[in-house]
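As a starting point, one isolated chain is supplied in C-alpha cells, in the form predicted alone.
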C-alpha cells in the first residue's frame, strides 16, 4: 500500500509538471481568426459539451483560454521584430476590426512655436545617450589640458576641487569658497560655519553704482561723457604730454653728448711732432705733444709746446 501511494504521488507530480510546461503547439479543428492590430483572436470551434460537463467549469475555461492565448502569441511573433532600448518588440500591423468609441478620436495637437521654429531651421531633437561618466577619463583630460596650458605659458583657471588623490587644506577651502559663491547672491547671504575664517585672495570685486537714491553723480558722469563726445578738439592729457616732451629733450641731449665725445676721440691720430732735434726740422702732431724741444744733441733746438 505504501509503494502504491508513493507511485501515485510521483505520477500526480509528473502530471502537474506537464500541465505547467505544456507545448506551444496547439491543435484545433478550425484555425483561429486573428486581428493582431487589436490583439484579438476569434475561435469558431464547437465546444465539447460532454467534456464541459465532466470537468469543472473553471478548469475547462482556463484550459481553453490558455490554448487560444498560446495561438495568439504564436501569431504575434510571426511579424517583424525590432530592438528598442535593449528590448525586442514586435511591430504590430494596422487593426482590421473597427471598434466602437464612446467619444470621437482626439484631433492632432497643433505644433507649438518652438516646434515650428525647429522645423523651419531644421533642428532635430537629440536622444539621450546611455554613456556613463568616467572619472578616470575626466582626470586624464584635465591633465592633458594642463600640460598644454603649461607648454604655452597660459595660466590655468581655478576649478575648485581638482580630482587628485589627496586634497590639501587650501584646496578644500578654495572648493568651499567656490561652492558658496556659486549662488545667485554670490555667497552674500550664506551662513558661515563656527570658527570659520573669512576667505583671502578671492580677487577684486566689481563695484556697482546704486540704482536708487541720489543720481547727481550719474548725471555728472553722463554730462562729462557728452562733453567729450561733442567737443571737436581731442581731450589733452597734460601729464602725459609733459612726460613725452621731457623724454624727447633727454633723448636729444644724450645724442648731442654722444656726438661730441666721438669727435674728441678721433683727434691725435699722428705720432710725429714738430721740433728741432737730431740735426733736422720736422713738423707733426702727436698725442702727448705736437711741437716741443727734442733731446739734447749738441745743438740747440727750440720748439713750441704742443696742443692736446
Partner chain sequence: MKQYGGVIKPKTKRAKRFLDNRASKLTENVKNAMIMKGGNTSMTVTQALKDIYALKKPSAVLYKKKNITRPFEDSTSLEFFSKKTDSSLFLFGSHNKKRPNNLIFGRLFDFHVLDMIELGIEKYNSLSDIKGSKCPEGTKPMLVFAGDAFDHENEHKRLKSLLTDFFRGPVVPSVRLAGLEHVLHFTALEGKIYMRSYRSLLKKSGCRTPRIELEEIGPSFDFILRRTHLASDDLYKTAHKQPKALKPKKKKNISHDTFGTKFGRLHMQKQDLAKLQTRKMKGLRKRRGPAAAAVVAGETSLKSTEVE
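This structure is a prediction, so every number in the text was calculated from the model and none was measured. Positions refer to the first chain, counted from 1.
Beyond what is shown, the protein has a form predicted in complex with its partner chain; the following relates to that form.
K.L.:
In the predicted bound form, does residue 106 have a heavy atom within 4.5 Å of its partner chain?
P.N.:
It does: once its partner chain is placed as it appears in the predicted bound form, residue 106 has a heavy atom within 4.5 Å of it.
K.L.:
Taking heavy atoms and a 4.5 Å cut-off, does residue 243 contact its partner chain in the predicted bound form?
P.N.:
Although its partner chain is absent here, residue 243 would stay clear of it in the predicted bound form, with no heavy atoms inside 4.5 Å.
K.L.:
At 4.5 Å between heavy atoms, is residue 191 in contact with its partner chain in the predicted bound form?
P.N.:
Residue-level check for residue 191: no, no contact with its partner chain.
K.L.:
Quick one: is residue 87 in contact with its partner chain in the predicted bound form, heavy atoms, 4.5 Å cut-off?
P.N.:
Taking the distances in the predicted bound form, the answer for residue 87 is yes, it comes within 4.5 Å of its partner chain.
K.L.:
Just to confirm, with a 4.5 Å cut-off on non-hydrogen atoms, which of 125, 121, 206, 101 contacts its partner chain in the predicted bound form?
P.N.:
Of 125, 121, 206, 101, the residue with a heavy atom within 4.5 Å of its partner chain in the predicted bound form is 101.
K.L.:
Which residue, 172, 76, 226, 142, has a heavy atom that falls within 4.5 Å of its partner chain in the predicted bound form?
P.N.:
The option sitting close enough to the partner is 76.
K.L.:
Flag this candidate site as yes only if 167, 177 and 197 all have a heavy atom within 4.5 Å of its partner chain in the predicted bound form; otherwise mark no.
P.N.:
Contact check failed for every one of 167, 177 and 197.
K.L.:
Only one of these stretches, 178-186, 67-75, 209-217, 146-154, has heavy atoms within 4.5 Å of its partner chain in the predicted bound form; which one is it?
P.N.:
Result for this chain: 67-75.
K.L.:
Can you tell me which residues in 31-51 come within 4.5 angstroms of its partner chain in the predicted bound form, by heavy atoms?
P.N.:
37, 38, 39, 40, 41, 42, 43, 44, 45, 46, 47, 49 sit within 4.5 Å of the partner.
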